[in-house]
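Same chain, two forms, each on its own as structure tokens: structure 1, then structure 2.
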Structure 1
């Protein structure tokens, strides 16, 4: 389908757009950064925070760029003095309603959005004495998601990601204004709702009001957070993830928003079941069976020699078709390749399989 392309002017530059794009999207492409809070590019625009407003010539009041469709010939200013003043005031108000603005980045992927904007606009002025807007659910003892709604700014990103992306409708926004609360259908704990603990609400929350409890266990570790891009170890969908580490410790998982298979989504396993990796039960040394019939720790040389010797003896005694290799559907492909090569190169047979049959 070829879409009609026309132009508009943003901060003095002429920019082409395709029908259906919003002013925000056009500005993004034109590298005119506009601050947002209730916006998540994966979700339907919501238009509640008003931080993204821009001035359009010929229109009296500023418009929310995230919800306004681009139109031919529009002349748009993204950053006039009046608009910047409006943004600062809005942020000052938000700050006044929240218990805390600075939150640990372990809380979630987007948790630093508010802090970053507040700093950029120097909005910690204390000009307003606000009432707190949300109520935290400290009674929810689920091991995954902290529901610290004292920090909530009612952007509804969590509610929308749950409905639009996860398709679960586990949470909703009730009440209005300062009474507005994010709750489950029966105001219950998450376990008693339709929540699947996919964590997507945690990762889109721009304030850290929803937070990753498992990652926060590492809050006291001094080292900086590093992220390594990889792929989830569970099912065959192949969700791209960022492994969060502090020093030598794996402390949490965040979905890759640009992951080709998942586009920011994960499920409870990919999001929260990562700590088998550094579990105390991990095998740390080779083991060989002794004359006493028990397995004993040993060094690599001894174990490798013993393993090789066993295969040599069996092949000598029973022939090359007496040896069988079973590869894994969980290891990287290099392991599977080496396993089949071990059998084919070593014995000239095809006595090799993997666990897909079980």
Structure 2
């Protein structure tokens, strides 16, 4: 079915849109930035933070742009004086309930969103200081996710990404008002819930209330954080990741939100299993066994020659069916092709398999 394209006016500019788009989506394409704290483009619009409200001519009250469908002929104002005042006040109220605004960017991909907006709207006035909401779950001893709910603003992004993207439904919002809390079934620790430790809740949290425990181990390293785009090595899916480093040390991994294979998702291994990179036992040079029966470091030419000779001796002594190949589940298809050629053409046997059985 062909979707019809029509136009509306945003801040004096005529903009084309497609049926089904929201005002927020249209404004984003038109480079009219609208602030939000509860919005994640991967999730269904929620409309809870009310920062994204805009004024539509002919409509009495401002509307949430993330949940309002675009309609032909609409005249929209995204940043009137009244709306900007409304946003500043909302941010002041949000900040008044939190222990702190400034958090380490190592906490997660979206952890700086609140800080950025508070600074943009100069909302550090403190005029609503008083009671604070959220109680941190410090007794949860899992090694991956810090549950620092003193920083929670009840945007529900973590709950929604767990349900909508992962289908785990491991966490939910319980209570009301200042007693509202992100919790698990029976208020248990994450290891006793259906949580798979994919880290999606961490990466969507706009305040760092849910944080990457492993990355925060490097908080005291006085080096700037650098990100390098790479591909997760754990399976053949090809999830895009951003490797976070400080100097020569890998300190954390964040999913690439624009990754074509994963679109911001990772499994527990892709998100947290990177300690092997800097482990003291990791091999950095090829090893060959000497006449003393011990393994010794050598160069690649020597190691490859030794391996080739070993294959030749086995084939000569036991025949071609004594050769068996097992391909890694981490390798790309080109490497798998070379592996099967090596076994089938090189030794005339079909004894080749792979380890991707899970």
Partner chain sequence: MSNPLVDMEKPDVIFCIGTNMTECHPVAATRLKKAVANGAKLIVADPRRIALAEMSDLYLPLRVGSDVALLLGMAHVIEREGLVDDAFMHERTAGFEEYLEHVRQFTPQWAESITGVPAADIEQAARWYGAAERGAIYYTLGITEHICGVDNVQSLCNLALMTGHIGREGTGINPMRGQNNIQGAGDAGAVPSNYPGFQAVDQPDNQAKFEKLYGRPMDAEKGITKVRALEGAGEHIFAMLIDGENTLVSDPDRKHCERALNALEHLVVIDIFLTETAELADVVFPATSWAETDGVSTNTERRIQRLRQAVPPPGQAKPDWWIISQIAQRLGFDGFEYSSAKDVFNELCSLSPIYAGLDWDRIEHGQYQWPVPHKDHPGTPILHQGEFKNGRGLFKVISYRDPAETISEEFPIWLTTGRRLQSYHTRTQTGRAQGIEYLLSEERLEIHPEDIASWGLKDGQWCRLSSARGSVEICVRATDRSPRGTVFASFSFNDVPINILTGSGYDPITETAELKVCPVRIEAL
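Here, rigid core means the biggest group of C-alpha atoms that superpose within 1.5 Å across both forms. Positions refer to the first chain, counted from 1. Predicted model only: the values in this text are computed from it and were never measured.
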Among the two displayed forms of the chain, which is the form predicted alone?
2
Rigid-body rotation of the smaller part between the two structures, in degrees
25
Shift in Å of the residue 284 Cα between the two structures [rigid core superposition]
3.8
Cα shift of residue 336 between the two structures after core superposition, in Å?
8.0
